[in-house]
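Consider the single chain below, provided in structure tokens and representing the form predicted alone.
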């Protein structure tokens, strides 16, 4: 009986603490939606600049996620399956974009694509300027968000029993067939979660993007620009629309993910 009472007290305490955490997330967003001015919201919703920035943000983040996945997923598999010298260093490098200031990440990427760099000079030779381009935006998005995909996929691959892969290879499957038919499907839930996290993180990036490409504007940069130029009343409607679009998108993706897996 005493154990049951202790459990109920602990359960109630956890509910209280969890409720505070949930309120901390919900309250600012709810306040933003409630306080938005209806005419300003309608004006922002019909503004082509806002619509184009949202579409640009979604498309570039999706493209950056897909391209990055071609390299991140194989790396995640190697980290999950292989032991090699300095593996801890490699894993630390993977996590580095999460811990460094994103303005510093923007400076690093700017050095990579500026006209003084080898990549920037090569692009300039064929008439391309990488700074201030969708390519620069995608690069910034990928840099700050790729750790989420690698770490999630690595955990998924690590949970796949090695004996299943060994059995498939014993039956004549190649290593690539084993990966595509056994390892990847079984780790699919974690891989998809990593893809969604990377897409979401890239879509919300501001600090690195504003350094490498203020124009064309992604939505986070547009919100910042309107706040600086016109104040909170004109920045808030854009933020509300962007949050609403991303919320609808991710609810749909999560429902699809749960039904499929």
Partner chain sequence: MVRLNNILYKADEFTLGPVSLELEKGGYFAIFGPSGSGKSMLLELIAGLRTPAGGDIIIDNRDFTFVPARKRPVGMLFQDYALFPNMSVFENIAFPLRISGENEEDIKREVGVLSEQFYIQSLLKREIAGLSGGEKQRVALARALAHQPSVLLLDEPLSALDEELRDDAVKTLGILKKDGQTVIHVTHNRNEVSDLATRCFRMSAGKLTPID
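Treat the numbers as computed from the prediction; the structure is a model and nothing was measured. Numbering follows the first chain given and starts at 1.
The same protein has a further form, the form predicted together with the partner chain, not shown here; the description that follows concerns it.
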Heavy atom within 4.5 Å of the partner chain in the predicted bound form - the one residue of 173, 90, 108, 100 that qualifies: 173
Candidate from 75, 186, 131, 112 lying within 4.5 Å of the partner chain in the predicted bound form - any heavy atom: 186
Per-stretch contact check against the partner chain in the predicted bound form, the hit in 123-131, 100-108, 173-181, 144-152 (non-hydrogen atom, 4.5 angstroms): 173-181
Partner contact for residue 163 in the predicted bound form: the partner chain, 4.5 angstroms, heavy atom: yes
In the predicted bound form, residue 95 touching the partner chain (heavy atom, 4.5 Å): no
Residue 167, heavy atom within 4.5 angstroms of the partner chain in the predicted bound form: yes
